Structures are given as C-alpha cells and as structure tokens.
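Okay, so here's just one chain, in structure tokens, the form predicted on its own.
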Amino acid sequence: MCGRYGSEISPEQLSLLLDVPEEQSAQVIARYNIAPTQEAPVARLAASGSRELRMLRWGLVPSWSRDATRAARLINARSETVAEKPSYRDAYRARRCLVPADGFYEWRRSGRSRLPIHFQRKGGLPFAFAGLWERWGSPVDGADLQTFTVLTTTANELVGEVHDRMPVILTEGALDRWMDPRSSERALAGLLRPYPASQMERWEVSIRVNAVGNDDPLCRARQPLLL
C-alpha cells in the first residue's frame, strides 16, 4: 500500500534521475504530502520515443470506465496481478511510467490512533516508483483526464513491521528496463520486488501528515520512533 508520498527533489536531480528535459523538471515544486486524486509529476514516453515529465492525477481511471469515480480506489496496483487485472493490464503493456519520490508514509495503529511513519532511501536519495498511466475521455463533455497508479509488492523487513505491502521502488539499473517498450512481461515481473531493507531508513513523523491540507517540511518532522 502507498497512500501518501513526498518529492523534494531538485530540478537537476529530477532531470538526471528520470532522463527528462531540465526545462520540464524546473517546473516541478517540492511536495511533502502528495495524496490520492491530487496531481503529481510522472515521467512517460512521448510520441517521439523520448521521455517527458507531465502532471497527472493520482488514481487510475481505465480508458473504458463510464465515469471517473473509481480513481480514488485505484491509487495502487498489486504487482502480482497487474498483468491480468482488466483495470491495469493494457497500461502495464503499453503505458508504464516513473513516479519520482524521495519518501513515502505508512501508518501503524497505537490504540485508537494511527501514527505515520516516513520511509526513505538512506541519506534521502531520490528514487522512482514503478507506475502506470492512462488516458480517459469523458463521455459527457469529452474532457481528457490523464491519471496514474503506483505498483506495490510485498514489504521488506523494515516496512513489514508497519505494513505488509510497500510501493515498488525501482533500482537505478531497472529504470530503463521498466520504460523500455520492448521489455517482456517476464523481464518486467523481475523488476517488481521489494527494495532492500538494508538500504532504507524510517522514522515516526508528525500527525500533520494525516491531513491532506498540510504539505510542508513539518510533515516530515522527526518524532521518537516507538515500534
């Protein structure tokens, strides 16, 4: 599961990580609490075959949907079934994307409270989630809606103490293979694995992140971690 994440990546880092033009990455602002149905940057293949960075809405709407109301439920796609599920299989074959981030949140229960935990690569290094994107045309007014979802896999040991799922974090060597339209489904499936726990870190953060209206560095403020 991945229901919130952040991306405080400089334009230079973003351009290098995703292999997109700097004039596009320069338009992206830092975010600390990206939530479902909000717009966020993703890198995808343009018609020319090169990569482009575009703002899409988080929560996939399949092209065949009658309306866009399912988007809030399709923020994640299970990597184990993504090739067969009708909502995702076409995008999995033809519309894969990279979702830049430098951290994500999960929640653990403490009595009646839900306490947020921030996870990131060691040292706060930027990374990309494996994602899928879709284009949906409204049958009412013809409006063009472009959306994305984040793939998930079984949690590693670090995340597993809080949640049994985690987003698919692609290693640097896997980014090109994920975006290559020639990659076989077998090759793609081999990329969808838990990121090594030894290369990640976590800490408890402020409950400010629980409210989607809060989107500032205080959302990541370190709190005592009591697991």
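In this text the structure is predicted, and so the values were computed from the model without any measurement. Counting begins at 1, following the sequence as shown.
Below, we refer to the form predicted together with the DNA, which is not included among the displayed structures.
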property	result
Contact flag, residue 220 vs the DNA in the predicted complex, heavy atom cut 4.5 Å	no
Residue 107 within 4.5 Å of the DNA in the predicted complex, heavy atoms	yes
Contact flag, residue 185 vs the DNA in the predicted complex, heavy atom cut 4.5 Å	no
is_contact(residue 24, the DNA) in the predicted complex, heavy atom dist at most 4.5 Å	no
Among 44 to 52, 177 to 185, 191 to 199, 164 to 172, the region lying within 4.5 Å of the DNA in the predicted complex by heavy atom distance	164 to 172
Sole residue of 91, 117, 74, 98 within 4.5 Å of the DNA in the predicted complex, by heavy atom	74
Sequence-ordered residues of 81 to 106 touching the DNA in the predicted complex, heavy atom within 4.5 Å	81, 85, 86, 87, 88, 89
